[in-house]
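One chain comes next, on its own, written as structure tokens: the form predicted on its own.
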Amino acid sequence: MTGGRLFHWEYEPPPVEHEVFRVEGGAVLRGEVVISGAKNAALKLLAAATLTGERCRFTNVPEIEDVRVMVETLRDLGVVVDHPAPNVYEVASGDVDWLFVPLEAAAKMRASFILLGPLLARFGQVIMSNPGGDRIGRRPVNLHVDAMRALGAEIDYRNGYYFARAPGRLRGAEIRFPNVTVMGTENAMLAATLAEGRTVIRPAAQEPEVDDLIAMLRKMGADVERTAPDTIEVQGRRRLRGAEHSVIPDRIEAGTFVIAAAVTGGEVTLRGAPCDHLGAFLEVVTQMGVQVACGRDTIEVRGAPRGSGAYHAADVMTAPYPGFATDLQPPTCILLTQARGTSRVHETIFEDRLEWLGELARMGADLQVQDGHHAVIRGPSRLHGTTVEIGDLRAGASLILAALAADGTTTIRGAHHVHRGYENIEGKFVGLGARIERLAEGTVIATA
């Protein structure tokens, strides 16, 4: 996999210090955009590759900062990760030299904790730092730890680190989560693939990214099946084999571009878009008046002219899949500012996810955050350019949407948050006619 190749492509991460987006509003977006692979699938697939010593090959992997951090973390463990072409990664975990995921990796990306299950199951021990991630509220990992303990692991927490070991082989068990947890489901499932006996996981997360992971595990020879919408059963194997897999499209990126077309009054076709993964979201936006047509792998969006007042207010309540995705709540709030009447937002997943609305209010949105979980948005509002600050990944992409819909120029600080989860987002917007540039320390590095 490595060595002897004449060509080796490497992702060059964007500068992160003092990085900003500068967006000139008023452009009507038109054209086609290709949706990248799903961030929340790719990270878990890379982790799954550590369950075998054989080579795993992944295509349609998004070139984003979180993938780069995961790859660096795997390489630090001694895993061989090759990157022979854009969006292609090859992973071989024949030997792992250092079963330790340090604070630096965990602080950059909460998803590094997904390595707990596969490393513990295959190598019998691992030390994991308490993870970081976006500032959108408490996301404790105690459910992951409890699941590993149910499988027979011994885990101690000391000085910010989890010291985990499995005396002998992990044992299949009944894992009952008190509430739906996506990464908790995935961690339990990954560990159970090499455990002795049968594991039943309830309630199991139903997100498409979980099913994509199941598809990859089955290619690797794992006996994993969703036996009911909220139940996953795993019969452990002694070893798994290598496999090749293409990452599913990113439904959150797709939803972001649906909103972009709507708030700019544009006409945009999304290629490689997972229409069937966006049911609850598309139901809301079409009821609001956005014209959406789904093809086999396309979504065509036609927005109402800016300032027409053609959109209707709506109430949005987030929920685990197949409900309205919490990651699509922030971009949808931008559309709500352009809708006639009073809209209500109920965020049920993360208690701090609505904090970013203060930045939207600075742009002229008429809104009120009533507590950590509820907001009222009145529209339509005429947004205006100003300087705003990004606090997390999804809020960052949403502030770009607000800037596109606003009058004047908006400067968005903290642009590096967006590059954690969106591949070449400014380039894609430029291709649709947006006027956006990315600046770092006063130097233009991408322009419209």
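Owing to the predicted nature of the structure, the values given are computational and were not obtained by experimental measurement. Heads up: residue numbers just count along the shown sequence, starting at 1.
There is also a form predicted together with a small molecule; it is not shown, and the following applies to it.
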Consider residue 143 of the chain shown here, and say whether it contacts the small molecule in the predicted complex, taking contact as heavy atoms within 4.5 Å.
yes
If we define contact as a non-hydrogen atom of the residue within 4.5 angstroms of the partner, is residue 313 a contact of the small molecule in the predicted complex?
no
Residue 122: touches the small molecule in the predicted complex, heavy atom cutoff 4.5 angstroms:
no
Look up in the predicted complex whether residue 130 has a non-hydrogen atom within 4.5 angstroms of the small molecule, and give yes or no.
no
Within 4.5 Å of the small molecule in the predicted complex: all of 308, 381 and 407, by heavy atom?
no
One residue of 346, 169, 83, 110 in contact with the small molecule, assessed in the predicted complex (non-hydrogen atom, 4.5 angstroms)
110
Residue (of 181, 93, 329, 187) lying close to the small molecule in the predicted complex, criterion heavy atoms within 4.5 Å
181
Partner absent here, but in the predicted complex, which of 55-63, 398-406, 36-44, 23-31 has residues with a heavy atom within 4.5 Å of the small molecule?
36-44
